[in-house]
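Next up: a single chain in structure tokens, the form predicted on its own.
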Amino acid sequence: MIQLFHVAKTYPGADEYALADVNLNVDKGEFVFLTGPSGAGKTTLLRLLFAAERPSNGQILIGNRNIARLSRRQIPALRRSIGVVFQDFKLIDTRSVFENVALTLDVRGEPRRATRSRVEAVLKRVGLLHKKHAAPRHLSGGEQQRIAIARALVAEPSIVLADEPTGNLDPERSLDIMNMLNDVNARGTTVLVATHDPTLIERFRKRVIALEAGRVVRGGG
């Protein structure tokens, strides 16, 4: 499903690699924790996977397709198969909860009736259908994160990438979010979660890929 071969990433003006000679493999339907200290390269790796960044060297295959070679016109098609959950939610406060989740389908030109049905179904799944008319600023941090997850799931992606999805939440809300992602994985979706929280890794006992200073030091598979 996801393969990286000798992937490196450098940024202009930086003295060190953000990622250096990364090799790893994630099978279809796997749940993988991506861990390591701050600055290890976790976020950079996730950004490469949904083509927000280009690798400086190496190959990135998703479904046997080298995404490092995609043109700008081809990137939207890739992103239709990938749901992304950001640590800072990235919700649009001038839009309602419903509109935030629907945006993923709107940009794809989905019919309005189908969009309404799918958005309401996924909001019900995350327990927030009753908040569909609310503005994000009126929700708690845990509720906003659940909305971000609903937005990532509404298009039924084959891959979900979550960057520190519990970083701003208390332990109880963190567990809720992780249980939700675990349920998504149980339905067959490949899930990668970047986290530095050892308690979550210990509790869920999934495969762990560890990064240090931009290099895979454990679990590249």
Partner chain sequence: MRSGRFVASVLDRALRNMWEQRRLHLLALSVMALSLSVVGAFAMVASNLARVRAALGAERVITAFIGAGVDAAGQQRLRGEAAALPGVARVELLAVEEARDRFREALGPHGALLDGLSGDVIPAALVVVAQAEAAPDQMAALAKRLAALVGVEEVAYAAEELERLTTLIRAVELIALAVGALIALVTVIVVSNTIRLTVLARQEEIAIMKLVGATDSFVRLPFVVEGLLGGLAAGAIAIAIVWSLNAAVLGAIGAVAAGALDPIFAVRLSALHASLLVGGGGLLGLVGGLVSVGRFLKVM
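Positions refer to the first chain, counted from 1. Values in this document were obtained by computation on a predicted structure and should not be read as measured data.
Another form, the form predicted together with its partner chain, is not on view; read the next lines as being about it.
Mapping the unseen interface onto this chain, residue 31 falls outside it, with no heavy atom inside 4.5 Å of its partner chain in the predicted bound form. At the 4.5 Å threshold, heavy atoms of residue 115 reach its partner chain in the predicted bound form. Taking non-hydrogen atoms only, residue 94 approaches its partner chain to within 4.5 angstroms in the predicted bound form. Taking the partner from elsewhere, residue 106 is found to have a heavy atom lying within 4.5 Å of its partner chain in the predicted bound form.
Taken together, 11, 55 and 63 are entirely out of contact with its partner chain in the predicted bound form: none brings a heavy atom within 4.5 Å.
Residues from 66-92 that approach its partner chain in the predicted bound form with a non-hydrogen atom closer than or equal to 4.5 Å are 72, 76, 79, 80, 86, 90, 91, 92, in the order they occur in the chain.
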